[in-house]
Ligand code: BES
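Before any questions on binding or motion, here is one chain by itself as structure tokens, the form predicted on its own.
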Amino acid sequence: MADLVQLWNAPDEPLDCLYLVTHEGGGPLDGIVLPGADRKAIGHTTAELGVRGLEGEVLVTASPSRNFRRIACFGIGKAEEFTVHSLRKLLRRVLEQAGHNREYQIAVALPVAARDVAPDQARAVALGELALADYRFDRFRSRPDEATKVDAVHVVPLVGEDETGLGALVERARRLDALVRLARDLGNRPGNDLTPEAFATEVSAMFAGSAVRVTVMGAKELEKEGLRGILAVGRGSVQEPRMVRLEYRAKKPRAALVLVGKGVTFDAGGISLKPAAEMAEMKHDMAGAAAVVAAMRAVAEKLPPLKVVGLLPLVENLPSGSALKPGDIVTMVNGTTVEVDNTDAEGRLLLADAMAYAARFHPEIVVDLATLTGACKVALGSELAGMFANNDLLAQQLERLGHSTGDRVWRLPLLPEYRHLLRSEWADIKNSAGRWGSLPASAAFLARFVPEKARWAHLDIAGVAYVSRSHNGLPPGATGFGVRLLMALLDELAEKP
């Protein structure tokens, strides 16, 4: 993981390369601050190169300055078409090239802002993406390729920035980087490594000695509390289910928030078995729980003036002689009876139990994150998370924060008309609506379990939590979606009077 540092003065030793992001109609050095006499000499060199900033243009040359060994110009095309996805792809290419060239100390100048991010957040987003651009999951490689790792990225200041302001942005990017990497690492771990018990144990160790109190509930505790939805989903596995409760309370909290993260550490679908193709990717079905863990780490570090509770229902969903069966009826923690029409619609059983359980914390706001439906991925692809909410102000807040952080969400309808799709002949409700309208019906199911008077948002992250292959600058695997969005929400709630 490359460290981010500021570049205000000539470095003690020459840096391996200066990477300049260029665009059509602009000079290669426009908007950036370079130390000493470098600007004039490098300006002459880039002029001789004939840099035009065209999309895909890459020009590399020896540096005329003793502070850099090489200069590389990466063109992005028209600045008005530069997006967060463009930014991610660009920075991934830069860090990959630096690694392949065995460049251990590089400088990066990023004078162009992504146009689909709020202008006042564009620099912070750019530095956050820069910090993450070299992410790789090497936990299970016997010989990680250390030769392609960049040690440090020196951030070239922009005109108008000062050392204090840039330092704060760099520090925030480092913090975000660590938390998103945490969520990605959890999401990339296979089911034989990250079982419900292992997940719970690691979370307990992670928060030991912090202001966040951890309670791990096993099968006996879940039964005692009436959390039979969680127990039912986990019945088919020899791995016992868990629910982890993370609690933080400031002395005078300005808001009370519960975060719920779906934590299926491996999802085979249960008796309603998934197709074999791509089933291995179902190790990431705990991405919602991973995002909540990362958000609670941020809480433990910043100690905001809030009351924040994280709930992580953790299970494996497997077929066996003891597994939940289609047609079974489960009584949830709030007394609602659910006919299980499809055992692969297990996530809503976990979330429903956890959200109904959350009522004891008297939350003003409940946000759940879950890789819940394939239908959401069909509808929105890997670009946006689907959002359902029972409160317009909360929905607008999350849409705005998603826009400013790059964790974008798209609001979908939460209409009473979808409830009829969940009618059961034998119980209060069934857990699956069939094919048509299945996405809004999944939210209609969850809405029955929201604590009274709580503002609630459900984020279906099925399409954005994991990518099978490199996509828009994201490496294959878990994306850590939701971490930045939750952090922004926590920061905003902490700042309100």
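None of the values given here were measured: they were computed from a predicted structure. Note that residue numbering begins at 1 and tracks the sequence as displayed.
Same protein, other form: the form predicted in complex with the named molecule, not shown, and the subject of what follows.
The partner is not drawn, yet in the predicted complex one stretch among 342-350, 323-331, 181-189, 219-227 has residues with heavy atoms inside 4.5 Å of the named molecule: 342-350. Shown without its partner, this chain lists 377, 123, 307, 85 as candidates; in the predicted complex, only 377 has a non-hydrogen atom within 4.5 angstroms of the named molecule. For the candidate set 462, 51, 443, 34, a heavy atom within 4.5 Å of the named molecule in the predicted complex is found for exactly one residue, namely 462. Every member of the trio 274, 372 and 466 reaches the named molecule in the predicted complex with some non-hydrogen atom inside 4.5 Å. Of the heavy atoms in residue 472, none are within 4.5 Å of the named molecule in the predicted complex. Contact check for residue 282: a non-hydrogen atom falls within 4.5 Å of the named molecule in the predicted complex.
Although the partner is absent here, residue 267 sits close enough that one of its heavy atoms falls within 4.5 Å of the named molecule in the predicted complex. Although the partner is absent here, residue 45 lies well away from the named molecule in the predicted complex, with no heavy atom inside 4.5 Å. Annotation for 41-59: no interface residues with the named molecule in the predicted complex [heavy atom within 4.5 Å].
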